[in-house]
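The chain that follows stands alone, in the form predicted alone, written as C-alpha cells.
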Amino acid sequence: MASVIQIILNGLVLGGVFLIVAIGLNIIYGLNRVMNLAHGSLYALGAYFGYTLVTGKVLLFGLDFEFGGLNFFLALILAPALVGLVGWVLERVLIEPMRDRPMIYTLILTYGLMFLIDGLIKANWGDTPHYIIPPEFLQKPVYIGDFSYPAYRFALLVGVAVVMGLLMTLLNRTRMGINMRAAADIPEMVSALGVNLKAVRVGAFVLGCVMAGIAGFLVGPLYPILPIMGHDMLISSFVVIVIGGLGSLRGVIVAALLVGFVQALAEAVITNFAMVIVYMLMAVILVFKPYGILGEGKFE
C-alpha cells in the first residue's frame, strides 16, 4: 500500500512539473505560433538563477561575488522573473523579426538559441552539479501513519496548485488574460477591436518563459542542476503537448498528469524502459486521437 501511495504522489510531482513547463510552451505557441526549442534551456536557467539567489554566490564567467543569499521563497519569485526578462529580450531582439516568416525559421532560430544558452550556462556555472537547498522545515519527511514522504515534494505539489490557480485567474479574470485567449483564436478580430496585439504576444512569450523558470526553480532541490538538464524536460514537454493537443490548455493539463503517472509507474516497475512506455503511449494517442486526448489540438 505504501508503494502504491508513493507511486501516485511521485506521478503527481512529475505531472505537476511537466504541466508547468508544457503549459508555458503551449502558451507561447498559441499566441506567437512559435515552437520554442529553447524552452528547456530557459527551464535550466530558472534553476541556475534560483541557485545563485539562494546561495548568494554570483558567478560572472570566472569572477565570483557573494552577497549572503536570499530567502528561498523570495528567490522563487525573483528567479522566474529573471527568466522572463531573458525571454523578453529574446522575443524583442530575435523572435519579433521572424514573426511573419514560416515557422521553420523560428524552429531553426530557437534550436540555435538552445545551444547558445546551454553554452553560456556551462561557461558561467561550469559542469559541476548544483542543488537549491530548501528551508529546513521542508527538508524533513512527513509521516502519515507508517508512510513517510519528503516534505518538499508535498510543498512542490502545493506550489504547482498555486501557480496553476494564479495562471487560470490571469487567463480567465483579467483583461490581459482574456485578450490572450481571444488572440489565440481570432487575432484579426482582437486587433480590429483596438487591442495592441504585439503587446499581447510579447506578454504571452514572457509568461511562457516565466512558467519554465518556475519549474526549473522548483526541481532544483530534487534533481542535480546541470547545463543540459533542460533537454530531457523539453522532450517530455513535447510528449505532453502531443498527447494533450497542440494549443489546448485543458488537454495539456490532462496529458501532463497522465504522463506523470505513467512514467512514475514505469520507473517503479521497469526502471530502464520508463520513457519507452511513455513514447508508446504517445504513439497510441496519435493513432486514435491525432488532435490530442481531448480533440482540441491544432495543426499548422
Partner chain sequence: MSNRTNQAPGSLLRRWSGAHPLSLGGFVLVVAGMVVLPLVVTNPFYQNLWTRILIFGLLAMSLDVLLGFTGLLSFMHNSYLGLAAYAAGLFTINVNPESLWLAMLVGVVFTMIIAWPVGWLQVRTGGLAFALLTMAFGMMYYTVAWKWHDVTGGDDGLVAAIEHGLPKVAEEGMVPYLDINLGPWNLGNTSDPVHVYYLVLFIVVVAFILTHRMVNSPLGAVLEAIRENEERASFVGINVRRFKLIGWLVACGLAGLAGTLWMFLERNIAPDTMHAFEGAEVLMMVLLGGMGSLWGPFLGAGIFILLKDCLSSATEHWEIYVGLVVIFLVLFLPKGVAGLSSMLRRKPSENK
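We call the rigid core whatever largest set of C-alpha positions still superposes within 1.5 Å between the two forms. Everything numeric here is computed off the predicted structure, so don't read it as measured data. Numbering follows the first chain given and starts at 1.
Below, we turn to the form predicted in complex with the partner chain, even though it does not appear here.
The stretch in contact with the partner chain in the model of the complex, judged by heavy atoms within 4.5 Å, is 93-101, chosen from 93-101, 210-218, 69-77, 155-163. In the model of the complex, at least one heavy atom of Phe238 sits within 4.5 Å of the partner chain. Though the partner is left out of this view, Trp88 does not reach within 4.5 Å of the partner chain in the model of the complex, counting heavy atoms only. Contact between Pro135 and the partner chain in the model of the complex is not found at the 4.5 Å heavy atom cutoff. Using a 4.5 angstroms threshold between heavy atoms, Ala184 stays clear of the partner chain in the model of the complex. Interface residue among Ile178, Leu197, Ile108, Met168, judged by heavy atoms within 4.5 Å of the partner chain in the model of the complex: Ile108. Residues are counted as partner-facing when one of their heavy atoms sits within 4.5 Å of the partner chain in the model of the complex; in 110-131 these are Tyr111, Gly112, Leu113, Phe115, Leu116, Gly119, Leu120, Lys122, Ala123, in sequence order.
After superposition on the rigid core, the Cα of Leu14 moves by less than 2 Å between this form and the one not shown.
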